[in-house]
Ligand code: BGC
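A single chain, nothing else alongside it, follows as structure tokens in the form predicted alone.
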Amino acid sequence: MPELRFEPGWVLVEDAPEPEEEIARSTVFALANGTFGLRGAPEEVPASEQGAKGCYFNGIYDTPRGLLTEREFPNLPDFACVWIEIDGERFDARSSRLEAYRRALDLSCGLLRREVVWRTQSGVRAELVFERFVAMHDANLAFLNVSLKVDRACKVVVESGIDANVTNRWADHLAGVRFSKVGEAIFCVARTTDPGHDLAEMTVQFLAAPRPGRIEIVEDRTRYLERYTFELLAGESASLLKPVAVHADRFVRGSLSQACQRTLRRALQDGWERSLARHRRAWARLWDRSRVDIEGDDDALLGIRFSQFHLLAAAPYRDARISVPARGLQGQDYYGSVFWDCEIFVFPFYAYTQPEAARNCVGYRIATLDGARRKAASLGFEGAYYAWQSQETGDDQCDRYVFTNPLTGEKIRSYFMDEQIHITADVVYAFRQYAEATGDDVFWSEGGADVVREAARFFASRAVWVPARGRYEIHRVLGPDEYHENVDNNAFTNAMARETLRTAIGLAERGLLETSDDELARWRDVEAKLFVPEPDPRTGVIEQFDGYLRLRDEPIDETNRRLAHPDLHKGGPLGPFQETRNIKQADVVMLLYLLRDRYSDEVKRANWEFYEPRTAHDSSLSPMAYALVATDVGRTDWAYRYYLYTSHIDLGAYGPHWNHGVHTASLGGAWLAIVHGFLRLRLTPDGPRLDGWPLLPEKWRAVEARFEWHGHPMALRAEPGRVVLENRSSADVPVILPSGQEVVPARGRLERAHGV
């Protein structure tokens, strides 16, 4: 696929249409505001074309045929549909004769603009401009603006409205669609199947042309369009303005029609220019709190700007009943579900730069605690076991039979749902990180402590006492490496379970968590005696799980060659990886990042060097872990290589499942690689901390990151041999540097030189 062009700073440009790559490009150019997302497919692409177009409302899911494997975001009716016809010829960038083309996404403000010069068969030179944004200042508003100018007299037809002839990845979700007129507005209500949600869209369309034309209604069961027919003379222009209100009944009290009318009323009072200005200001505020600047490397700058843009677009700013799906709001892959991707890879970005969004991510896990309780009970355990694949209730939407044997057609038993127990520890890890970064202890009493208590109960009941060894163990799990199933004492899982118990004990001792003396004593006993694999005293290597080092050691390419069919799951009893040391993704190395202060650089180096050549990186979650540990051990070259991979995964369309949404974990990993990795910054209860002096890639002249600690906006700038901390707040802020503890004065700076 031809590369996109980056106009240094903020603008991502496509210089020619690539019809065969439109699904991937629609992901790259997608827009969202945390409430709903709109894929970036051109207006003239039919809604019925699989994969390109899509609009998804966060927190709305549907099960059309009762199948767990089809429960996903329903695709809303397409309101971003505009068809232009000149002298009987319909415009389509994929087939029309173009003299110029430019599709550009302004990452600074989420404005998508497409400029086309179309030469019609009748000889008309038509200049077309399509602009759109999903409003960041108004959760339920989108705006489209289309204009055309011609160089000779011609007959023009413009069709626009709402088209409900949409497709989903797995199944059709709209059980019924109703169209009506509310005054001059087109009102569409689409009903989902199970549960039956009403999804509403309303638009008022304004066509401006030099002289009156004819307006007709094109209406059938799945669409309601307005067709405008008019004449243009040489040099004349026309435009179509289209504000759209988008609401879902789950988040509206009262009438959907009235909610849509209120949204449209605000948009019409402001108009296009003022609405766009308010939208720009809202984006400017987000960037002011979170932007990362890199000097000397445009590829790296594009990677972090693109990553942050889509993370900011997907953040749950307004509601604690929603979180960040694994593919954001930019696509349907992974069903729109929330995974550990959010807590481990995405959440730190919000905790450091958008604490309100982070609080809602935490709130989502609090709101879905009952679903986690139900899951634990269904498997015979106490407490709460969070869903591997979570949606609105917290009940697990992951099937026990995810894969199919392509050779026999038989379903393959998988263990994501019942054995990836580290998800509960990941949630608690994020809770603690949130408290440390923000200083918000109130949330513990607002449900946060309940989550930690139930998580501790789960791990205390899941651990097994082994009398012969005098210790607790955790058996039959699936760690981050999903190619080795039913293993015992996975180092990552056991270590993170112990961290959960430590968090619960610490909160109880501070009076922030209520429990009985007997239960607290039980937690302390399990925490003290839980087996966590330690580094080998000779090699420093941590065995990933019991018996791992007894497995066959061979090159990854050789293992891949033994795969019986390209569509066969590589792990489990039928895949070739289970019997080897080769792994899907970072496992022990991920642990060394998450608990980086618990392990020496020597141990990190030994494990990085051992596991890196044995890691297939068959998950987008993997490269960032190797980048982060590489920075800890001074392997800046490798860290940079993995940073570029993780930050460009969607831009280059080389990640798995790239055609159905952005890889939020990978994008979050790009930010982590810079802030936790190269800058070595961590927010602690005692202040921002540098775990070491920053190490910058060779090409970087400087990097600067903005963040917030306990309500104090700050910035860290690193150059070779020099760091500057800026305090943008009105109070002094303590910081911990490798040289000792210091204070950054209010509205002041602290500069320190260091050896490179």
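Residue numbers here begin at 1 and follow the sequence given. From a predicted model like this one, the values you see are computed outputs, not experimental measurements.
Keep in mind that the form predicted in complex with the named molecule is missing from the display, and what follows is about it.
Of the residues D396, D78, D650, D341, just one reaches the named molecule in the predicted complex with a heavy atom at 4.5 Å or closer; this is D341.
For the options T580, S619, T120, T263, the residue carrying a heavy atom within 4.5 angstroms of the named molecule in the predicted complex is S619.
Of the heavy atoms in E499, none are within 4.5 Å of the named molecule in the predicted complex. Using a 4.5 Å cutoff between non-hydrogen atoms, W388 counts as a contact of the named molecule in the predicted complex. The named molecule in the predicted complex is approached by R327, whose closest heavy atom lies within 4.5 angstroms of it. Contact check for Q585: a heavy atom falls within 4.5 Å of the named molecule in the predicted complex. Contact annotation: the named molecule lies within 4.5 Å of heavy atoms from the stretch 332-340 in the predicted complex, the single such stretch among 668-676, 332-340, 138-146, 440-448. Contact annotation for 482-499: a single residue, E482, has a non-hydrogen atom within 4.5 angstroms of the named molecule in the predicted complex.
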